[in-house]
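For reference, the chain that follows is the form predicted alone, supplied as structure tokens.
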Amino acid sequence: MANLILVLLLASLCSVPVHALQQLRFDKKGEFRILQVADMHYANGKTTPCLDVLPQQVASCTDLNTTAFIRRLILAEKPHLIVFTGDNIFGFDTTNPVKSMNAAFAPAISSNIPWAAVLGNHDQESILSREGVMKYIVGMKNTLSELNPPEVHEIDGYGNYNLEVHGVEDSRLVNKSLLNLYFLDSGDYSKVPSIPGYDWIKPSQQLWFQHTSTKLQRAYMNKPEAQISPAPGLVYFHIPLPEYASFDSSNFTGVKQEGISSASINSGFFATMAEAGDVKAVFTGHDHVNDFCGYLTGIHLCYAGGFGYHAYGQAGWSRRTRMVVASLEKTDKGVWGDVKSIKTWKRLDDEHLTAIDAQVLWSKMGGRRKKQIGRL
């Protein structure tokens, strides 16, 4: 009981962000780089064994392998933002969720790179509630995560927010958000007795998304420096949408090695995003041995692939992550413009951090390109 009280006290103390809000923006090369980490399933560090690894890896493999993978990626990819898309800790096996979160997010924190997180279905399965877990995350160093949008009085879930990525410093679009990032809580399990299975994104969250998208589009296409079309948007949450089941090997890049574990009902969020008109891609986790990207009605639906070593996987199939890089257009006069392209690839936790399945998700001229561009 004393430990529970201590954990809850720590969570309450950290419920208000202590960081100064950092301004995300494109770098001097006209790039913005996002590292997605899905399903760390972090538990108790060096005492936590790995799952689904090769026999020769079993004796020495722990949560610390997950930590080492993140550190290698940060050095190799030099991201401007790290996004954790849920099941960051594995609540069932976590002795102290605060200690586990501190360890799980430590590589991001020590790198001084801004990071953002949403929750999965396992984060709250310890002694902290779902709200308590998100409140603790919001108070951690260098995070841009938010509990919920401050302008909304009632919204389902915890961890619905958006981040804006502004133009290059000293450029003409320095005060415009050229890339909009949306984060939503896809929940854990259905609370409706007649509906089995996983949770879904609720009407209150979709309404917030619609209002936010409309506001951002209006600001982008109004003076000063009025633009002719919306800035591209990217959406991050944990549980995939039913539309992820629309693809087979003929129309996606990557692999599908298990079924799509979406909610058993369709909440209509895909249609909401398509109607909004700015979303170019969605990024989820949850299904650890799926890592594909498929294109449907103007939007790419992408998995990151399983990251953590205390998460189920497939022995011999490397843990992996997804990178996304948005690049700006540069005019003949050398002036930075708006987003020209959005590309993605995956990195494997092997000897060389092999990059695979590079593809262009969206380009300004073509709208989208399915062409795969090979290894990096």
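Predicted model, so just to flag it, every value in this text is computed and none were measured. One rule holds for the numbers: they count along the sequence shown, beginning at 1.
A second form of this protein, the form predicted in complex with another copy of the chain, is not displayed here; the remarks below concern that form.
The partner is not drawn, yet in the predicted bound form one stretch among 169 to 177, 260 to 268, 94 to 102, 143 to 151 has residues with heavy atoms inside 4.5 Å of another copy of the chain: 260 to 268. Not displayed here, another copy of the chain is kept clear of residue 256 by more than 4.5 Å at the level of heavy atoms in the predicted bound form. Put simply, residue 297 is close to another copy of the chain in the predicted bound form: some heavy atom of it is within 4.5 Å.
For residue 130, no non-hydrogen atom is located within 4.5 Å of another copy of the chain in the predicted bound form, even though that partner is not displayed. Although the partner is absent here, residue 195 is a contact residue: one of its heavy atoms lies within 4.5 angstroms of another copy of the chain in the predicted bound form.
Exactly one listed residue, out of 218, 211, 71, 78, brings a non-hydrogen atom to within 4.5 Å of another copy of the chain in the predicted bound form: 211. Checking 162, 246, 272, 111 for any heavy atom within 4.5 Å of another copy of the chain in the predicted bound form turns up a single hit: 272. Annotation for 187 to 215: interface residues with another copy of the chain in the predicted bound form are 192, 194, 195, 200, 202, 203, 204, 206, 207, 210, 211 [heavy atom within 4.5 Å].
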